[in-house]
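As structure tokens, one chain now follows by itself in the form predicted on its own.
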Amino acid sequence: MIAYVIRRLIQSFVVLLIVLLVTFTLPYLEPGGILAPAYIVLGTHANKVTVAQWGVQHGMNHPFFIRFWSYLTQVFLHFDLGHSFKQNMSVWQIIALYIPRTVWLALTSLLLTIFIAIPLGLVQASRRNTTFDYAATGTAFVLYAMPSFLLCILMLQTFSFGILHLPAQPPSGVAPWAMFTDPLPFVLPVACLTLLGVAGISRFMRGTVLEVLVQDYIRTAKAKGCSKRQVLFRHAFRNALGPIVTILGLSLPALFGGALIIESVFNYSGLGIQTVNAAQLLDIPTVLGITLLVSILTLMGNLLADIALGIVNPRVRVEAR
């Protein structure tokens, strides 16, 4: 197990380097090249001499691989993500300010998704081809195919401007734990992100349980006189939980991606809307820092999912080779 974890850490580090390389290369493809952020900082009327001086001041006159090596050294040896061109503050300060809001939003939605999607998929599998199964499957298909921004707009139109008159957006400048002290303004953002997760996880849970229910050991359990509840929870659920753990680990990128759209629609000051603003303003250090952070969280989620799979299902043995 230890050898497997070490190997996965090395693989994750290689993937992280590739992500950083791609993200670091993208600004070179801008119409203004690597000096395009200078026109955002200095203004569109800045002359070429001023732009060139700004580039020299920020080390953008060096060749690509020298700049990339300097950035890797800065990040991994000195833990310095750089300084924001536009906001005039370090990238660590920006991340420390906004990431708790996004993390609480994503974790709350993930917990609700688990508590709703797994029992829902289990009940659907046990009541296959019934009216409840058809209704839940149809709803899941609609939610799974619906773009996240469209779901947010429909939820706003229905529950904020229509039936319940819920707050259309959380208050600005609130503390990260405000969703627990004043949860009403966060109902719609959390509900939208939860529904997007429930649609996919419940369908996967239903299919996995149905595959387990036709196995020989399920027939053996029924032949021994186990009740339907015992067969479903003691045998089918435990053996179907392994793939679900893996899917939950892989759902972290979708959570952060969905949070980006939802924060933009509901005007919630989190990491997602800061990523959009930084990309629009060509704030390269901020985009690189946020991309690095989300990549690390995604790779950690995948690694923890693989480890949890071996814990949940003892029959799974991770080989050292």
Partner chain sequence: MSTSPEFTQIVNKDKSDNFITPLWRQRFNIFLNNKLAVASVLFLFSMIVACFLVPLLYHTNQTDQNLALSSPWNQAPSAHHWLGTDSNGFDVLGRIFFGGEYSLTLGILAGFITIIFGTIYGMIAGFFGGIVDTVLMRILDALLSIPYIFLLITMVTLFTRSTVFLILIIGLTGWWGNARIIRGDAMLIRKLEYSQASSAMGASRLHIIFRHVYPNSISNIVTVATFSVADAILYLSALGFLGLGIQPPQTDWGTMLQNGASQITNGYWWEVYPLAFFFVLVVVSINYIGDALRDVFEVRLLER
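Positions refer to the first chain, counted from 1. Since the model is a prediction, treat every value here as computed from it, not as a measurement. Take the two forms, find the largest set of C-alpha atoms that superpose within 1.5 Å, and that set is the rigid core.
Form predicted together with the partner chain: not shown, discussed below.
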So which of Y217, F161, F79, F132 reaches within 4.5 angstroms of the partner chain in the predicted bound form, heavy atom to heavy atom? F161
Proximity to the partner chain in the predicted bound form, single hit among V56, V49, L29, I66 (heavy atom within 4.5 Å): L29
Only one of 104-112, 220-228, 134-142, 188-196 gets a heavy atom within 4.5 Å of the partner chain in the predicted bound form; which is it? 134-142
Would S295 count as a contact of the partner chain in the predicted bound form, using a 4.5 angstroms cut-off between non-hydrogen atoms? yes
Residue contact check: P171 to the partner chain in the predicted bound form, 4.5 Å heavy atom: no
Give a yes or no for V276: in the predicted bound form, does one of its heavy atoms lie within 4.5 Å of a heavy atom belonging to the partner chain? yes
Do Q157 and the partner chain share at least one heavy atom pair within 4.5 Å in the predicted bound form? yes
Scan 8-27 and write down, in order along the chain, each residue with a heavy atom lying within 4.5 Å of the partner chain in the predicted bound form. Q11, V15, I18, V19, V22, L26, P27
Would K222 count as moving between this form and the one not shown, using a Cα shift of 2 angstroms or more after superposing the core as the test? no
Using the rigid core as the reference frame, would you say K86 shifts its C-alpha by 2 Å or more between this form and the one not shown? yes
